[in-house]
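Okay, here we've got a single chain as structure tokens, the form predicted alone, with questions on binding and movement later.
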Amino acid sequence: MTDRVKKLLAILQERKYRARRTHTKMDITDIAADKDQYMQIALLMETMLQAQKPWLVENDLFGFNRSEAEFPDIRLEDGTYLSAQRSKGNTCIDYEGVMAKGMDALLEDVRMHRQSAEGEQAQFYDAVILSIEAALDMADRYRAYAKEQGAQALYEALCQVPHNPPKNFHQACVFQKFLIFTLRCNRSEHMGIGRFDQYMLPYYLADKAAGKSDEALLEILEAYFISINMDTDIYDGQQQGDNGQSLVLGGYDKYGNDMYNGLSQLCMEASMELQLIDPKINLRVNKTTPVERLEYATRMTKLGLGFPQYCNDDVVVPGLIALGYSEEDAYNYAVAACWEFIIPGKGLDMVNIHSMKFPLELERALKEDLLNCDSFAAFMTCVKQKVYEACQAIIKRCNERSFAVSPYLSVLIQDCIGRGKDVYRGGAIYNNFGVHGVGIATAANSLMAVKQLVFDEKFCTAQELLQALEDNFEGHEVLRNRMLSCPQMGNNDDQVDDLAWELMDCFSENIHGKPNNKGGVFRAGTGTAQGMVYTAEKVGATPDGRKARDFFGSNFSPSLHSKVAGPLSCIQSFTKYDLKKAINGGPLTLEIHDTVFRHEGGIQKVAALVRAFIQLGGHQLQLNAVNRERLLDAQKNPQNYPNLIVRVWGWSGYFVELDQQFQDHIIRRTEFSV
């Protein structure tokens, strides 16, 4: 780590620079109320950018740091504000295409299309033009400020980009920082970084050919990674850290060629040296991934950052092709904010538009149907009927939703400009909806308990079970203990695993591939996102012994109440299902005690677990190095742990900045010792 990088890292971690921000209330209703929907959004972006005053920290190579934290707004006729209707969604823009053209060429392309446009199309193009001009004005002000402050490297870069394509790696990173900054000022949330090691590779190789060393390029890269962390505390998300800045490395093309390269390795090195929450590293793998790479990635896991997250090309690519993505695009997949599989630059796949809550539907079936069922098969039919009804309601609700437009985002996604349509009006090439499947382990374990205790062993009657649930197990401790001792997911037990996959199949059959109102389809997924806490708070006691409002497991993982034999049995349980049928994403999440990583044998064992996961057909895997005692101490003494990083659900954040319920969830997860 160079002296420049050390100083930048210290500035970031001290957090004193945040005091430079202003918080100004900006209401532009008077100038925007009578404008069309596209122009209103463009004016909000222009106002936000005009409110930003350029500033740099010492040794700053990138700039584009927020000075104004608050967003402007427009009051609507019904008394609400436009911000409440702003469209949201996780996506990844066309970094490669945008940088190859430069913003001036993009602007000219829009102006050409505007010449023959009429009506709403003309409104759309006018708003896009204003948005690009506002963004370029911001870049020009930063260029002038950099020159005034003697930041020569940044000034020279801004003389080239973003108006024109970059010529070297530093310019390419400046261009990307400009795009991230302006998108955030457009209130475009959860913008992924995509396949950074692929679209940035030409600029990296150009510098290498010109004689620049890897050490010099690593300094630029580390300074860049620090730069994209500067404003994450004011990015929108459920918690600080939930900001979408996910970066994907490696992958395989359709000929089996390994795309991992020198820049991929440099990104891994930078992330391990800096140990920051962003960018979140995702590593694409398959059955031929060298074990040495898995061991190196395990050394990253050892640091406790919560990444890399592994994505298995052997499952993901055919799963995407089966959903209608072209082969070329499927092989080019990235991840959205957390773990959802998307095509960079071509899609507005609203990957977390809704969720199907397995325990909630099970609860409905218990209350409405259990007493009328004379066999477990009959009860299972009722549960699947509830899942079917929930899926139908989700499809109807999602297809009735309307979304605000986003002209600036549209210019950065194919092929909105060519089609003359906003990205939220069907302008993107892919317009699919993703639905999470929440709480599968809780539901499967509960079904197993019902089957075993009510129907097979007749340990209790249906009425007794329902009364115990109603009483939240108060006075029913013996029954609860029997519930907790029933077979549970994570132990490679076909009895309960088969019930889980029967539920998953029902969910997938009723969601996956169903048409939406954007010309796309619905995608089933295995993630929970914040549902592991927020949805769980709405569900009463369940027959697996879980008490009312207690947490679910994170994503596609065992219940927090399960006694799991070990990580291998857990992997075996969660790879039995054909995950190509639930390819919206959602990882198996395993916590491994940090003592495992303290010797080379432990590193090799963990890497072998990753290889087993790939070989068995898992689609996504998160491994987290944790220490429960340290987390408990951090809760009591947060001042001693300002930079302690943990994996939350599909992202990493600073432990002491999380709400206590998420801290508690992380502490309660199973720690394996491998």
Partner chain sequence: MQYGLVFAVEEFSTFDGPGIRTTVFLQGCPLRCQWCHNPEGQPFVNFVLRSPNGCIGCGNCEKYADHKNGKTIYTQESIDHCPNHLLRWDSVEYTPRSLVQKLEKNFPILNPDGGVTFSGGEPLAHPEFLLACLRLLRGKTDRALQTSGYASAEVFRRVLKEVDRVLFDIKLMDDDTHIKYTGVSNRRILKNFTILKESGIPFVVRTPLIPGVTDTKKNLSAIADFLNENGVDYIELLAYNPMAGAKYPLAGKEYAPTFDEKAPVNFGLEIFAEKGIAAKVI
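Positions refer to the first chain, counted from 1. Since this is a predicted model, take the numbers as computed values, not measurements.
Although it is not shown, the form predicted together with its partner chain is what the next lines describe.
A residue is said to contact a partner when one of its heavy atoms sits within 4.5 Å of a partner heavy atom; E629 meets this definition for its partner chain in the predicted bound form. Within this chain, V596 lines the site of its partner chain in the predicted bound form, having a heavy atom no more than 4.5 Å away. Looking at G345, you'd find every heavy atom of it more than 4.5 angstroms from its partner chain in the predicted bound form. At a distance threshold of 4.5 angstroms between non-hydrogen atoms, S326 is out of contact with its partner chain in the predicted bound form. Contact check for S485, K605 and L616: all three have a heavy atom within 4.5 Å of its partner chain in the predicted bound form. This chain is displayed alone, yet in the predicted bound form one of E389, E118, E477, E215 has a heavy atom within 4.5 Å of its partner chain; that residue is E477. In terms of contact with its partner chain in the predicted bound form, the residue from I571, V533, I193, I281 that brings a heavy atom within 4.5 Å is I571. Remark: of stretches 562-570, 391-399, 430-438, 100-108, the one touching its partner chain in the predicted bound form is 562-570 (heavy atom within 4.5 Å).
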